[in-house]
Ligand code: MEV
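Okay, here we've got a single chain as structure tokens, the form predicted alone, with questions on binding and movement later.
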């Protein structure tokens, strides 16, 4: 008897970092995902075989966080492995890198696989809550946005609060994007702490930036529902500028953002924690997607060509 589950990767389209302060963010599942398999083991406890493709040193750098995350998930699910252990195998089409939701995808996939293996029949809502506990192993106090996109798929409007607001945004057709990877593993916890420190020190500078970020979220929601790609791109560009102003971009991210725009992307910005990790470029249509990906790859960066708005039916 073995169990299996999947979790999507994600791209934050608008308002990473701002979301921590209860400003709405828009996140999308992407077409790439992680698969977890659970096999029975004759040893107690758990072992892991991690076959996911990864940015150099990503898995090594995150190993202690991964252990903590897996133990958090087992505890939340009340699974006792002291007598009968398990072997966890991770694989799939999602490459592990910062800013692409790799940790959340593995948490969701693992929670689903354990639920399947032990016949627990957890609902998607329960899987999402379990994955959030797993995310704490990686991010301290995560916003919850990554595991939500990874669990439910599609495009999601997210507001952090006592009760998180999670509303589906209907995207009539999935849109092609390119994600470009700086190759730098980012420390999201440090990035979030840096923003908090600077915001408390200089509220007069930061408050108007945060107000505009909130405004952008509502404009972007309308543009997405109306499939106004040019407007979406313009708002992504402005959102990147705000992220630069709160000091979470980097020279590699800025270089790649400019490169993508210069080669026809309708908009481009960092995605995720910043200070490394990935950018996302809006490239509706396969030809534009290929042009932008080729330009980024020529400069020596890795890319992922995928779509936003992926749902579980498109696995």
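Numbering follows the first chain given and starts at 1. The structure displayed is predicted, hence computed values, not measured ones.
Although not depicted, the form predicted in complex with (R)-mevalonate (MEV) is the subject of the following passage.
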Item checked: (R)-mevalonate (MEV) contact in the predicted bound form: residue 156, any heavy atom under 4.5 Å -> no
Notebook entry, point to check: Does any heavy atom of residue 273 come within 4.5 Å of a heavy atom of (R)-mevalonate (MEV) in the predicted bound form?
Noted result: yes
Next item on the list: State yes or no: in the predicted bound form, is some non-hydrogen atom of residue 19 no more than 4.5 angstroms from a non-hydrogen atom of (R)-mevalonate (MEV)?
Entry: yes
Margin query: I'd like to know whether residue 181 contacts (R)-mevalonate (MEV) in the predicted bound form, with contact meaning heavy atoms within 4.5 angstroms.
Written below: no
Notebook entry, point to check: 162-170, 76-84, 188-196, 228-236: which one contacts (R)-mevalonate (MEV) in the predicted bound form at 4.5 Å, heavy atom to heavy atom?
Noted result: 188-196
Margin query: Using a 4.5 Å heavy atom cut-off, which residue among 145, 114, 216, 90 comes into contact with (R)-mevalonate (MEV) in the predicted bound form?
Written below: 145
Next item on the list: Check each residue of 119-139 against (R)-mevalonate (MEV) in the predicted bound form and list those with a heavy atom within 4.5 Å, in sequence order.
Entry: 139
